[in-house]
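Given as structure tokens, the chain that follows is alone and in the form predicted on its own.
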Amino acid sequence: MRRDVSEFVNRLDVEKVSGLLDIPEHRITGALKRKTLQYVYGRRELFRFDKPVSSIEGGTSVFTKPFDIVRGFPKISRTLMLYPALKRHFSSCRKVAVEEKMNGYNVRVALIGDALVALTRGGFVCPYTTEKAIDLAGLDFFKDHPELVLCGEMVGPDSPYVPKTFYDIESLDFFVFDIREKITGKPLPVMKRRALMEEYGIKSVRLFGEFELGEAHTGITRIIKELGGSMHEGVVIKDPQMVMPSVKYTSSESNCADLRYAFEFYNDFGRDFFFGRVCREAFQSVEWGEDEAQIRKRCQQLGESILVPMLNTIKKKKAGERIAENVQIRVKSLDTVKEFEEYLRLVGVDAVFEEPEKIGDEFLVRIKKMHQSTNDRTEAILGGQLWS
């Protein structure tokens, strides 16, 4: 539904937002006109920054009733050559803290008024994740610290976004990797944050330790090889005081797993995923000083990650199947299922929900997420369409 920008401005206290976020009012009204700042229709009225504006991160959410702001989570840069990148980026730090980068989906949990909400990376309130966050994070922390936001990873097989089974998690779990102030986005130091989570009984991502800067690359390389062996994603390397921005470094196995997923739905994701991950493989191989046999093995894994899922997709389509991604959610309330269906429509995801299956005091719901672009392109090519 299209509405006039003036209506949006009337719903939003532009002067207040301008003062709290320290950006000129004309940048906010301009973002509304360009739809960089978007009004979100739903049970909770909010505006979300679809892209960064001035110093404000994309995914920042501005709630109107009650008024509140949750800053978006900043983009974490990636290191491809570990040793020189650490030496250069963390030159003012004596040590770096190394935590696991888990393979799930990024969530910010905050108290808005008297209710807990879970925000996705894009700044939407996800009803399914909110139900889970209420169970996994609880309200105790937020009663004492309403000004803070828990930034973490939702991980497990009952994920509608990134389902993973190798973490030995039965359904879905929440692991905090950052705590930030709602409005300023200022982070807490690593050890202070971890102590706070332990105090409230909320899980944190795994800490591998603090490393002297000059020796960190050796320890991190060892960690990455161990993580890759168990298909885990990688690490985030942090200034213990969280003054310098963090950086991430991932395993080859994780890169290949991403490619296998992307090329199953090649016309929806493949191109965006491909180039950066190939670059990661090349630089990592050089830094690790791999011999000819190791390089050949890496090339084979990379090639199979790209070609095999595409072959499977083409064969499925040729056999008359519709290309879909199978995920599932586990909920306590069927109302959450209805709200999640509405939410997926809101964010433009075509999905088919199967009938809920009662398991104990919960409902398991299987979902087929349709990837229409890959469906259409594959069918057209099989029918003789040329590639342009």
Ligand code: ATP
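So that there is no doubt, residue numbering starts at 1 and follows the sequence shown. None of these values were measured; they are calculated from a predicted model.
If you look for the form predicted together with the ligand, you will not find it shown, but the lines that follow are about it.
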Counting only non-hydrogen atoms and a 4.5 Å threshold, tell me whether E99, E153 and K238 all contact the ligand in the predicted bound form. yes
With the ligand left out of view, choose which of F174, F177, F265, F124 has a non-hydrogen atom within 4.5 angstroms of it in the predicted bound form. F177
Considering non-hydrogen atoms and a 4.5 Å limit, which listed residue (L116, V205, L302, C93) is close to the ligand in the predicted bound form? V205
Give a yes or no for F73: in the predicted bound form, does one of its heavy atoms lie within 4.5 Å of a heavy atom belonging to the ligand? yes
Close approach of H89 to the ligand in the predicted bound form, 4.5 Å, heavy atom: no
Though only this chain appears here, would R78 touch the ligand in the predicted bound form if you measure heavy atom gaps against 4.5 Å? yes
Can you check whether H145 is within 4.5 Å of the ligand in the predicted bound form, heavy atom basis? no
Could you tell me which of 137-145, 183-191, 209-217, 102-110 sits within 4.5 Å of the ligand in the predicted bound form, going by non-hydrogen atoms? 102-110
